[in-house]
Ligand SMILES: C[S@@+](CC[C@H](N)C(=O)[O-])C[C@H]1O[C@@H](n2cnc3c(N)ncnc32)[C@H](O)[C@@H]1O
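In the block that follows, a single chain appears as structure tokens, in the form predicted on its own.
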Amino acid sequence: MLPGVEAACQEYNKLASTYDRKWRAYIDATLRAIVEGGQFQGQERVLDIACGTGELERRLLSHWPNLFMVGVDVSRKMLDRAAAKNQSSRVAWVQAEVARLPFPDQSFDHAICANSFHYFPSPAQSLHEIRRIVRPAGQFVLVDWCDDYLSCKLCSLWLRLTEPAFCATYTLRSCQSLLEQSGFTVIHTDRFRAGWLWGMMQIVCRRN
């Protein structure tokens, strides 16, 4: 693993047992944006990148029970929590890094990355890898902290000094540019707050 990835893995192995309880309000606010904006027919293959405790899988499958989902994360203990919460045969769990996804080309209809892009030490490589596994015209949804909000910008400065796993946050414009350079067409963007501190962005795009 890259050093930043290893740090994130260690941190989230420690957080796994308390993560859902500690971050409940934040999880509700950020994942609601994905669930409410979901554009699924109901039979698609969906990859959840940095899936954590599998909360997105639980919520999406409650709305679209015939989706087939794969959750990927670097943290084994987060994946163990996800598997304990989600017993459905419609979901699988894989330990892997986003920059090296162990799936064939064009093997998913949709990919989702929620609340983790700021931990990616090689964002361009990661986005190219995501594009590789999404079918042509497939959808990718990115939700993350947004530096257009002063509170997030200040928080990012603090985390750079104190958090070994943290890499970078982006403005909506800079993140959109990264996506376009990686072969995606942005079709919708939004900014919203998850509580008083976290300013968020959601970017919906399609693989060119």
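For clarity, every value in this text was computed on a predicted model and none was experimentally measured. Throughout, we count residues from 1 along the sequence that is shown.
There is another form of this protein, the form predicted in complex with the named molecule, and it is not shown here; the text below is about that form.
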Checked 50, 152, 70, 67 for heavy atoms within 4.5 Å of the named molecule in the predicted bound form; positive is 50
Mind checking whether each of 111, 179 and 202 has a heavy atom within 4.5 Å of the named molecule in the predicted bound form? no
Whether residue 115 contacts the named molecule in the predicted bound form should be assessed with a 4.5 Å heavy atom distance threshold; does it? yes
Given that the named molecule is not shown alongside this chain, does residue 184 nevertheless sit within 4.5 Å of it in the predicted bound form, heavy atom to heavy atom? no
Partner contact for residue 91 in the predicted bound form: the named molecule, 4.5 angstroms, heavy atom: no
So in the predicted bound form, does residue 96 come within 4.5 Å of the named molecule, heavy atom to heavy atom? yes
So which bits of 67 to 96 sit within 4.5 Å of the named molecule in the predicted bound form, heavy atoms only? 73, 74, 75, 78, 96
